[in-house]
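Next come structure tokens for two forms of one protein chain, structure 1 first, structure 2 second.
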Structure 1
Amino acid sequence: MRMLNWLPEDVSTYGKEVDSLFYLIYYITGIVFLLVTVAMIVFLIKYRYQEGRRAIYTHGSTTLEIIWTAIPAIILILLAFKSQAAWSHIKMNIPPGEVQIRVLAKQFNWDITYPGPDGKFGTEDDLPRPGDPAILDEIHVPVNKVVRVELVGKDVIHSFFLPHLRLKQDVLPGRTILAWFQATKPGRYPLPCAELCGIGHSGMLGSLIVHTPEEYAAWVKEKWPSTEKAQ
């Protein structure tokens, strides 16, 4: 019964908000489905053709119709209001990031830029450094920090999808779109492209590597050996 067990593990601070809405709608629609199905089966059995019985002649009931219009309407509008809180939290009020990354989506890779210790893009300490090969398909972030992602598109529309973090955002060519997440558990998580982007769409896959604070410090030290402290 619990389709919810199929959801990937949630490792994001706002994942709970998404999942709890999912649960809520799941239970509401589940109940409605059962009621409708049971009613239908009962009617089909009880009112099947029987010799000598005539169907009830009625054109309906305005009262009933008003009831079954009003109840779904109220439930649905309440659901919309309830959803809005999570939506504005995830998509509208983007918090300042403790860690910044820029992701350039192109056919068929995620091209990553880190701003370095100064936290600003377009400066000398950016990674990759000028002349270095691009960093493709691997994002390193620390656990429990707000990560702010600048999504930049190059050719066609791609979609930045982190299933375990309940984050999906299309990336548009010629535009920068902001997204954010805060991972709650270290590990390696898939980063597929969710929007059809051409022949290589299937298999356009990166990884998000969420580090413990110690691991992350070591990673920063490896990448920016000259600086004592990360960001």
Structure 2
Amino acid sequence: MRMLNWLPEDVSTYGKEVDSLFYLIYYITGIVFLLVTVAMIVFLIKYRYQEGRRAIYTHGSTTLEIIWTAIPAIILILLAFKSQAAWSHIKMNIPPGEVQIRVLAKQFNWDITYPGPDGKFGTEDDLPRPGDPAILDEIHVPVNKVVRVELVGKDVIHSFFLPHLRLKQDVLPGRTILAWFQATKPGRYPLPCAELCGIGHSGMLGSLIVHTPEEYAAWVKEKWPSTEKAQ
């Protein structure tokens, strides 16, 4: 049964919703695949060449065509209704972020900006500060906090992908797209680009570091020494 459960560990508050839909579709397509494969093998054996057998031509069956059109249509409609609640929760009703970050996607890095203690972008306490080198490919967040992400594209289409958080969002040039997640387990998780974005696409790999509350407080204090709490 291990082959039926091969997604990476789920460390997201909405991961179960995504996984249940994924596995439902996975099982449906798996069953259909097996049925089609078995039918194909049976037909290959049953209707193999035999001396003296003549082919019989048919012009089709309206009843069968209605059945194999209606069944996928009904399944598709049921999946649409079942996924609507998860889609609304994850994509349409983005909660206020307890932590905010801005991610500029560009060939071939994730350029991270933190708003600082005032929680606003474009102010003096932003990180990195003016003149500092860019913060590339490493995002720091606390565990069990809602993280609101502003995704901005610079050049071509990228895709912000956190497989352990069950979050995947395309990033388009010239647009700011909001996303969110809430990690439930500290650790380091991969952040690849999931959209072929150029010759260096495979190297566009960052990390999400989810800290315990104590570790995150220490990280904040290191970055903003003049304040006890940044966000």
Partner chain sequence: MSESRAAKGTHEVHEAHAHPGFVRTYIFSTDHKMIGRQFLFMGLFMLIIGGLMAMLIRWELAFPEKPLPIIGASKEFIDTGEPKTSMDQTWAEWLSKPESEQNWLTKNMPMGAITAPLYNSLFTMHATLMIFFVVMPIMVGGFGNFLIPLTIGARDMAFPTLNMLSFWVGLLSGIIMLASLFVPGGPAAAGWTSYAPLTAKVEYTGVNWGQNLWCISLIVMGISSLMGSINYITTIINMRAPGMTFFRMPLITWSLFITAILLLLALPVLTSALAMLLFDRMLGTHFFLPEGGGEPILWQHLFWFFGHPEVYILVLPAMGVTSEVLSVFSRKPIFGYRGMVFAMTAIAFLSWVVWGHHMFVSGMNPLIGATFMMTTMVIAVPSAIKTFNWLGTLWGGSIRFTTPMLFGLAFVSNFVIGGLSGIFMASTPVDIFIHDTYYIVAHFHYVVAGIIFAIFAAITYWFPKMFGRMMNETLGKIHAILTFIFFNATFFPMHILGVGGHMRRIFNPMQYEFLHPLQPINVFISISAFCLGAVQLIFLFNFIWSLFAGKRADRNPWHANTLEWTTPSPPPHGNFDKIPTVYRGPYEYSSPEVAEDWLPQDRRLETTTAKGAH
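For clarity, a rigid core is taken as the largest C-alpha set superposing within 1.5 Å between two forms. Numbering for residues begins at 1 and runs along the sequence of structure 1. Predicted, not measured: the structure shown is a model, and the values here were computed from it.
**Student:** Can you spot the form predicted alone among structures 1 and 2?
**Tutor:** Here the form predicted alone corresponds to structure 2.
**Student:** State yes or no: after fitting on the rigid core, is the Cα displacement of Ile199 between the two structures at least 2 Å?
**Tutor:** False for Ile199: its C-alpha shift is below 2 Å.
**Student:** Establish whether a shift of 2 Å or more occurs at the C-alpha of Leu34 between the two structures, with the two forms superposed on the rigid core.
**Tutor:** Moves: yes, 2 Å or greater.
**Student:** Is Arg53 one of the residues whose C-alpha moves 2 Å or more between the two structures after the core fit?
**Tutor:** Arg53: C-alpha displaced by 2 Å or more between the two structures.
**Student:** Report, to one decimal in Å, how far the Cα of Phe43 moves between the two structures once the rigid core is superposed.
**Tutor:** Reported C-alpha shift between the two structures: 8.1 Å at Phe43.
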